[in-house]
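Next up: a single chain in structure tokens, the form predicted on its own.
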Amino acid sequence: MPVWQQVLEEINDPNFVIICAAEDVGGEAVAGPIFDAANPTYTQVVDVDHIISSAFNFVNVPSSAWIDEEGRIVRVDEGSYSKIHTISNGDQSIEFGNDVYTPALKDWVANGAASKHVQAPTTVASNIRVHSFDQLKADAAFRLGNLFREHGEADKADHNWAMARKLNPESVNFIRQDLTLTDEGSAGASFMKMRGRYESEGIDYYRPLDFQT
């Protein structure tokens, strides 16, 4: 998030707005300190029930949508990293992110609809993942689990979260959120194992970027 603040300041355009949503059942207690440490001037939202990622059917975070001044989505559903990052965990480390997203974003802000990175409406429509009935049930189970957890019903919460993962096993959001309640956290050994499986099996962890260079 501090890097996105830097990007915002570099763009320095009052018509460009960043809205950052933390998808975390820990709520303000967990997400608030992270936001505070970044000291951002853009809008921050804490989305306990993952309503935003559900609405766009994002499978992982960070993901994004570009919305123009007319309220139209001109890009959607891709990993929105401001730069290449490296995370170390003991003897293991992973590199993630990219260095092409930020320049493309700046080009869009500067050139608007004329930017070569704006996608055609048909492309945007095809990139919005259609919810299956099981995915809709998974979202409901996830939120019901959150409600049970809020009221101290841990067993019922775990049951509904397990149901959500079974109904929508491709949701990295659900898997990583579950891992935040473990000692290893969302970027530990289980996450790295899952990411390695995705890569070895050729499963898209994110939709591949199609930025023209």
Partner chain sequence: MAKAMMANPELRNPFKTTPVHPEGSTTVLYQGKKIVLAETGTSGSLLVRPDDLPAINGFELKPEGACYNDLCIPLAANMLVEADGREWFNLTAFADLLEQPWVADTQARVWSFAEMPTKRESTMVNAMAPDFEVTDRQGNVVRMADLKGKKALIVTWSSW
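Keep in mind that this is a model prediction, so the values were computed, not measured. Positions refer to the first chain, counted from 1.
There is also a form predicted in complex with its partner chain; it is not shown, and the following applies to it.
### Query
Within a 4.5 Å heavy atom cut-off, is E170 in contact with its partner chain in the predicted complex?
It does not: once its partner chain is placed as it appears in the predicted complex, E170 has no heavy atom within 4.5 Å of it.
### Partner contact for P103 in the predicted complex: its partner chain, 4.5 angstroms, heavy atom
Close contact is absent here: in the predicted complex, P103 is far from its partner chain, nothing within 4.5 Å, heavy atoms only.
### Task
May I ask you to check whether M194 falls inside a 4.5 Å heavy atom distance of its partner chain in the predicted complex?
Looking in the predicted complex, residue contacts with its partner chain do not include M194, since no heavy atom lies within 4.5 Å.
### Query
With a 4.5 Å heavy atom cut-off, would you call K166 a contact of its partner chain in the predicted complex?
No, K166 sits far enough from its partner chain in the predicted complex that none of its heavy atoms falls within 4.5 Å.
### Residues within 4.5 Å of its partner chain in the predicted complex, restricted to 52 to 81 and counted by heavy atom
Result: I52, S53, S54, A55, F56, N57, F58, N60, V61, P62, S63, S64, A65, W66, I67, D68, E69, E70, G71, R72, I73, S80.
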